[in-house]
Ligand SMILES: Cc1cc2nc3c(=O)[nH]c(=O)nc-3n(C[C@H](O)[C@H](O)[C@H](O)COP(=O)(O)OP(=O)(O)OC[C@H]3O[C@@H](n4cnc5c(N)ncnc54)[C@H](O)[C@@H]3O)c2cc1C
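Shown here is one chain on its own, the form predicted on its own, set out as structure tokens.
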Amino acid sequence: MDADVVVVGAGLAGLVATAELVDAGRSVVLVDQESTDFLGGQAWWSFGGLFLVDTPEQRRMGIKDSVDLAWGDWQGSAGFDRLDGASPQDYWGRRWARAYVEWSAGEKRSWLRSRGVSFFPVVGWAERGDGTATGHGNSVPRFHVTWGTGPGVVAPFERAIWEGVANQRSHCEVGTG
């Protein structure tokens, strides 16, 4: 086989990476230990809840959220124990987490919607905290359930892969490893 990229693992992360590569016109080989009947891995079986910050769904329910509040919640749960800045051990973890919270308050929702993911109009409260931004868990509801639950999260990315194959925009081959 010859490909621009080999993606190992057809769970949600592998599907998203493959779909993005297919859309970019790359040839991709997607390899997984399971057959194509199990694309999406554990995400397919999930409730389909996604972490989003300060969304229309939250505002409709009267939930006041912000990047700062979500970042405080994240830090309260993350266990970053090297807060003095002198130790490099938590540096990249903190940077990634901050970028993810900001993305979750920004383009994540519109990017998902552009892919065909839609959301149930009620926000749930997974990982409920103690009601403060300094304790463990979320201080406000941020669990956005997708229409179709886990399969609703997986389907747009799986569809993009198969469309790439059918339209020969990519030489994506999905098989077992």
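Here the structure is a predicted model, which means the values were calculated and not measured. Residue numbers here begin at 1 and follow the sequence given.
The following text describes the form predicted together with the ligand, which does not appear among the structures shown.
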Legend entry - Non-hydrogen atom contact Ala13 with the ligand in the model of the complex at 4.5 angstroms: yes
Inset, instruction - Flag Trp147 as yes or no: does it have a non-hydrogen atom within 4.5 angstroms of any non-hydrogen atom of the ligand in the model of the complex? - result: no
Inset, instruction - Check whether Phe143 has any heavy atom within 4.5 Å of a heavy atom of the ligand in the model of the complex, and answer yes or no. - result: yes
Inset, instruction - Could you confirm whether Ser46 comes within 4.5 Å of the ligand in the model of the complex, counting heavy atoms only? - result: yes
Inset, instruction - Identify, from the list Ser118, Ser66, Ser114, Gln42, the residue with a heavy atom within 4.5 Å of the ligand in the model of the complex. - result: Gln42
